[in-house]
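Single chain ahead, written as structure tokens, the form predicted on its own.
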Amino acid sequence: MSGKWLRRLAASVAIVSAPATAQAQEIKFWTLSFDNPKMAKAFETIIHDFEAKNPGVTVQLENRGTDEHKSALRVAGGSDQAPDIYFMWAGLGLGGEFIKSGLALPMDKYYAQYKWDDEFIAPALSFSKQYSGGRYGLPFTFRGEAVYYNKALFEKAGISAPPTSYDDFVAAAEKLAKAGVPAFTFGGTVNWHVMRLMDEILEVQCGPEKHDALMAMKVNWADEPCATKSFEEMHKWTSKYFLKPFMGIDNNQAFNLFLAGRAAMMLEGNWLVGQLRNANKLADYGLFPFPGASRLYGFGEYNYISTKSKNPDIAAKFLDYLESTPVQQANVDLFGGPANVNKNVKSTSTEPLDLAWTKIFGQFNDVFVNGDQAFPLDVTTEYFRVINEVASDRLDPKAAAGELQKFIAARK
């Protein structure tokens, strides 16, 4: 047997007997920047463990600020640089924008494969069923929004207990003003921050049924007295009870002013508990639902698989792992705490603000979503503009509802 033939035989045996290696697959995951460093660390661990369980798979996480994230996704929709998975708020306005543009992959087969309908709470799942053509996105977190208040500033103004009616709320703001304390701090450079107050006032002034009809554009804003009353009420708050100037700062700057005791309240979500914890300020603040609203203000956050993903099956597998009971339970207070979207996960926190959220979530049966998630994108942009014009004293609040309706009528 020649040496040349033996070398060929040895090479063939080596190829046959060599262990099979997993095919390299990369998943790009675009999400928001983490305010909480513990969340960043948790994601690092989750990704590391998933990669260890799936040899050959790497998950590349990219973080951006809110507005930068939206812009990057809009650019990605027309390029070949889109992620495999992307974070976006649920609802017709924000999540719906990318579904309509064709960036979101229908996920019906993954819902069936991983039995997600059996694993997640119904309110969080409802957003995946809003569209024709399939199920889109997977619940990531469910967020409630309520009023955080500085206990010392309330005491300074002689407010002995959180208000429970809207009239009492206005009276509390007046007491704060007389004590030299602005009631609220908001960041006006990000349109959605001031919008929160308008959304809540609409809920109080119009009631759930009329509020929903307005946001669905099924009734005429100009013909509804409650819509005009809402803009007038909002202007009262922005002109009399806001920390100023507010139109030149963003939400993060507003939060820092809140920490510094420059204003008594912020209208924020349950994520703020983590931020207050990081600042060692938990004991200084209390929490109450927006007075007069019969529904909880809140929204769902989702992760979507992109239609441009080359590895959608692996992307779905990673999402299933991320939202699994063991992973979520290990990080329960980071991923929603008392409002975790996984129905099998239980919060273990004894922190008073977390317990207050548990009470709030148990208090309300229904939820209404933020305006920028209820409206289509173009109407959201006009809603922002009208709110900002009223807040900046450039538009008479009595004319604001008609101004918004003009835009809605023109687009139809």
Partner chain sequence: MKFWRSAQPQGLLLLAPALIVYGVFALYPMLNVVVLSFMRWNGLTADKVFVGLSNYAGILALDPVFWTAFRNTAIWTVLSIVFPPLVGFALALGLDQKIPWRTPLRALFYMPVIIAPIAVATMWRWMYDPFFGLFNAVLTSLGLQGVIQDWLGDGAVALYSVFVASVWQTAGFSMVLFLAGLQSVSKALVEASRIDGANAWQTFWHVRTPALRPTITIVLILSTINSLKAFDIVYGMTGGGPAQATQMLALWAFTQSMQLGDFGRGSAISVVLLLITLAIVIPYLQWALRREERVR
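The shown structure was predicted, so the numbers you read here are calculated from the model rather than taken from an experiment. Numbering follows the first chain given and starts at 1.
This next part talks about the form predicted in complex with its partner chain, which is not shown.
*Asks:* Could you tell me which one of Ala330, Val170, Leu243, Ala213 places a heavy atom within 4.5 Å of its partner chain in the model of the complex?
*Replies:* The residue in contact is Leu243.
*Asks:* Of the options Arg74, Arg295, Lys281, Lys156, which one has a non-hydrogen atom that comes within 4.5 Å of its partner chain in the model of the complex?
*Replies:* Comparing distances to its partner chain in the model of the complex, the residue within 4.5 Å is Arg74.
*Asks:* May I ask whether Leu202, Met266 and Gln405 each come within 4.5 Å of its partner chain in the model of the complex, counting any non-hydrogen atom?
*Replies:* No, the candidate spot makes no contact with its partner chain.
*Asks:* Taking its partner chain as it sits in the model of the complex, is Glu389 in contact with it (heavy atom to heavy atom, 4.5 Å or less)?
*Replies:* Within the cut-off, so yes.
*Asks:* Tell me, yes or no, whether Gln253 is in contact with its partner chain in the model of the complex, where a contact means a heavy atom of each within 4.5 Å.
*Replies:* So Gln253 counts as contacting its partner chain.
*Asks:* Could you confirm whether Thr381 comes within 4.5 Å of its partner chain in the model of the complex, counting heavy atoms only?
*Replies:* Within the cut-off, so yes.
*Asks:* How about Leu257 - does it come within 4.5 Å of its partner chain in the model of the complex, if we only consider non-hydrogen atoms?
*Replies:* Because a heavy atom of Leu257 falls inside 4.5 Å of its partner chain in the model of the complex, the answer is yes.
*Asks:* Taking the partner as it appears in the model of the complex, which of 148-156, 257-265, 121-129, 214-222 has residues with heavy atoms within 4.5 Å of its partner chain?
*Replies:* Selected range: 257-265.
*Asks:* In sequence order, which positions of 184-198 have a non-hydrogen atom within 4.5 Å of its partner chain in the model of the complex?
*Replies:* Going through 184-198 in order - heavy atoms within 4.5 Å of its partner chain in the model of the complex - there is one hit, Thr189.
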